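Below, in structure tokens: the form predicted on its own, a single chain.
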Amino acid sequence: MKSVFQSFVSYLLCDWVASIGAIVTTTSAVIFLTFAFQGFSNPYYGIVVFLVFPAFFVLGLILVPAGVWRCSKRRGGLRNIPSVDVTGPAAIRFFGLLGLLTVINVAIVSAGTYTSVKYMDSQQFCGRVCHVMTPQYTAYQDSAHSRVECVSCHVGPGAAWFVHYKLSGIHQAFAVTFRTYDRPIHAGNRSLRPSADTCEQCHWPEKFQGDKLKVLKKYEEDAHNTEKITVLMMHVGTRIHKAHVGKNIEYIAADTERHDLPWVSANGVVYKSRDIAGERRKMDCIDCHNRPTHAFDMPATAVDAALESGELDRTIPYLKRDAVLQLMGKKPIEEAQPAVKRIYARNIFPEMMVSWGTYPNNIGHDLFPGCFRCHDDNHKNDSGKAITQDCSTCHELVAVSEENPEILKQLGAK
């Protein structure tokens, strides 16, 4: 075995390229196996362990045969390299050792590939390594999908889409490196997979939920921060979803963000507010639920939520008014309550040009057009019939801006 080992070492020492390859491979393997199964709070440690060292390990494996080939060219063939003869039993031991090392190398490369892919699919990599995604990652952590892996929604199942998104990531990596990325980051509408391939892996559209009683609490900008309550019976299952899900609805957008939809087709009947030519797109869940995870607040609604939860003290006179002014920059944010500062930090990112209203939310129609993009009484078919804007189509107003709605007392909810 000693002669076999000497033969093997002679191959590695016959050329400096092979020697460097052996050193790089061995060092990378030791470091990778030492740290691969440990947790890291710093995302950049993960890049080094799961991406850099496996890459160096493979590079070293390439350098070894390259160096041996260089040596053989100089010495007139491989047989002239070993210091001992590798025929007969020695040859069996030599190639046995070579085979064992090959198995070990394949195992390490496989482990490196698996851990690298797993790390690149992690929330830590997607949200914290790429600093331009800080606004989206901040909103994601505060969302109902915060325990859902990014790739479950942005990639989905299937090898073809995995390759597609990883290749597109190369372009994004160059954009980050050379600072050519957009500010703010635009929603990837054109590259998103259909919701049937992603959202519907968890959400079952055919299983309609029932109607929902929705209680909206808002606070006046007076000395008492007076609470006003609106109660709606939302016809989510019986009308809203039933009218849209599974139907042949198409539209043409006048803008890349799909907030201006002058042309709509429902089961072959065209409704339009004005003439337009362009790409016809089938309506998808994401056209209404466009911020299911990366949702950003508006000042008044964010303050209302903090008052409702008790994070802000309603007994402080004019707190609602002052908090909104501070969030909008009309009063110093430095003088704001800690909860108000948290709202600001959660929604405002000057370095990425993200401010109030940068990312409209299409659910509802209070703060942004949302439903009214189509339901505006201006989209009409050839006979003059319009897509209705009647409030009762989607919800019933049970109480509107009341301090103590009777319905909540009857339901025992107040």
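So that there is no doubt, residue numbering starts at 1 and follows the sequence shown. Everything numeric in this text was worked out from a predicted model, so none of it was measured.
One more form of this protein exists, namely the form predicted together with heme C (HEC); it is left out here, but the text below deals with it.
Q: Does heme C (HEC) come within 4.5 Å of any heavy atom of Y359 in the predicted complex?
A: Within the cut-off, so yes.
Q: Applying a 4.5 Å heavy atom distance criterion, does S10 contact heme C (HEC) in the predicted complex?
A: So S10 does not count as contacting heme C (HEC).
Q: Is there a heavy atom of P262 no more than 4.5 Å from a heavy atom of heme C (HEC) in the predicted complex?
A: Contact check for P262: no, nothing within 4.5 Å of heme C (HEC) in the predicted complex.
Q: When the contact criterion is heavy atoms within 4.5 Å, does G370 count as touching heme C (HEC) in the predicted complex?
A: It does: once heme C (HEC) is placed as it appears in the predicted complex, G370 has a heavy atom within 4.5 Å of it.
Q: Residues T226, D297 and K331 are flagged as a possible site; in the predicted complex, is every one of them within 4.5 Å of heme C (HEC) by some non-hydrogen atom?
A: Checked in the predicted complex: no contact with heme C (HEC) for any of the three.
Q: Only one of I316, A305, L216, I276 has a non-hydrogen atom within 4.5 angstroms of heme C (HEC) in the predicted complex; which is it?
A: Of the listed residues, the single hit is L216.
Q: Which residue, R183, R321, K341, H289, is the contact with heme C (HEC) in the predicted complex, using a 4.5 Å heavy atom cutoff?
A: Flagged contact: H289.
Q: May I ask you to list the residues of 140 to 156 that have any heavy atom within 4.5 angstroms of heme C (HEC) in the predicted complex, in sequence order?
A: Residues within 4.5 Å: Y140, A144, H145, V148, E149, C150, S152, C153, H154.
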